[in-house]
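Take a look at this one chain, the form predicted on its own, written out in structure tokens.
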Amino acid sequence: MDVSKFAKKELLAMGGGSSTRAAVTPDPKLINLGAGDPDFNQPNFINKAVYDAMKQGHTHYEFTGVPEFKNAIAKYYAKYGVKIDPNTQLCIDSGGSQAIFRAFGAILNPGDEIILLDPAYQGYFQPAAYFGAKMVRVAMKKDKKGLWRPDVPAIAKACTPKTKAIMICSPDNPTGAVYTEKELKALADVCIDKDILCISDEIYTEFIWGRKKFIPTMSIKGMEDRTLALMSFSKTFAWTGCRAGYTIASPEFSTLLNNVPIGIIGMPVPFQYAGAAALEKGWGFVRKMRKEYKKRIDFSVKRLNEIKGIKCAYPEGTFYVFPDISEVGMPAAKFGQELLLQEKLRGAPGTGYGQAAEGHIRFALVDKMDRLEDAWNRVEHFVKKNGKK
């Protein structure tokens, strides 16, 4: 039966989902650095907290969020200099993807425009299309270190009377950039001047390298009521399968977010109690992950730069590397496809994040050091075999 007659037209126009979430055939020789799923398991105290909450009877409706969890979130975000009211400024979500969906659902009407940078995380594309919004892509630009930065004048130029918001990610997936205070202030000037919102994806806040520091968009003057800050436990506590996240916004926007009709499919109540426990005593686990990711980044950047035809900038944040493979002389999509077929190594072609990222491929450093060493040896073998002669 042809269902197109009955389907919501936006669904038909959306196309495929994120390439990093596509299933691959199980293969013991495969090294999968495509999806950003941490290879750490969440600590047992978190698992026990879920069990204890269920055992204590915390298995009933909780429509506005568990107070202990909301208070723990407010205490956590305060360490970045932003005080929020846990009772009026939080929307509890089942992960970052639902936070994106709710944020877009709260503000986007068919025909509205939302500015997405290029490159940008693939998970923004389908929700925007689903709500009938027009995605206006603005290319980022590389600095002298090879890192991608927001082009604020180009963003301002891209705004029209139909623009509702700009979507940013800091630390950024896939580029690894961490926005500076100067960049955020410039973006704030645009938002205020054009009377638009900023949806700020902040899920990698705990993974920043060197002397860089995370600055919440909401902390910038004038952005207190213009920012929807999206957060997730997926990366911070290696919690990808259990779905935990939240959105911080003004009381008025939080009401809108909570009114998006998603049904009772938010973060399960026992996991909210576990979330409170994680925010209280999970930081030793986070430090352990951060130390290991730093080792992987140091090794991977150095090793990739040793391969002729590849240039890899050192990321300021996240646990991804986004090397430039343009000198190999092969389009990013083909590079990714052939690397998987020939070498059993999976990465994410840059063009999946936008056309500006042609000539790049993203690798998630979600495997042990010996496996990463093997992965970069495979890349070197592949480049020597398939690159420009």
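No experiment lies behind these values; they were computed from the predicted model shown. When you see a residue number, it is the position in the sequence shown, counting from 1.
We do not show the form predicted in complex with a small molecule, though everything after this point is about it.
Proximity of Arg102 to the small molecule in the predicted bound form: non-hydrogen atoms within 4.5 Å are absent; the residue sits far from the partner. In the predicted bound form, no heavy atom of Tyr179 sits within 4.5 Å of the small molecule. At the 4.5 Å threshold, heavy atoms of Tyr320 reach the small molecule in the predicted bound form. The small molecule in the predicted bound form is not approached by Thr205, whose heavy atoms all lie more than 4.5 angstroms from it. Each of Tyr121, Asn173 and Ser232 is positioned with at least one heavy atom within 4.5 Å of the small molecule in the predicted bound form. With the partner omitted here, the residue from Thr163, Asn258, Ser250, Ser97 that has a non-hydrogen atom within 4.5 angstroms of the small molecule in the predicted bound form is Ser97.
A heavy atom within 4.5 Å of the small molecule in the predicted bound form is found for exactly one of Cys169, Leu228, Leu90, Ala278: Cys169. Stretch 232-240 is the answer when you ask which of 146-154, 232-240, 189-197, 208-216 has residues with heavy atoms within 4.5 Å of the small molecule in the predicted bound form.
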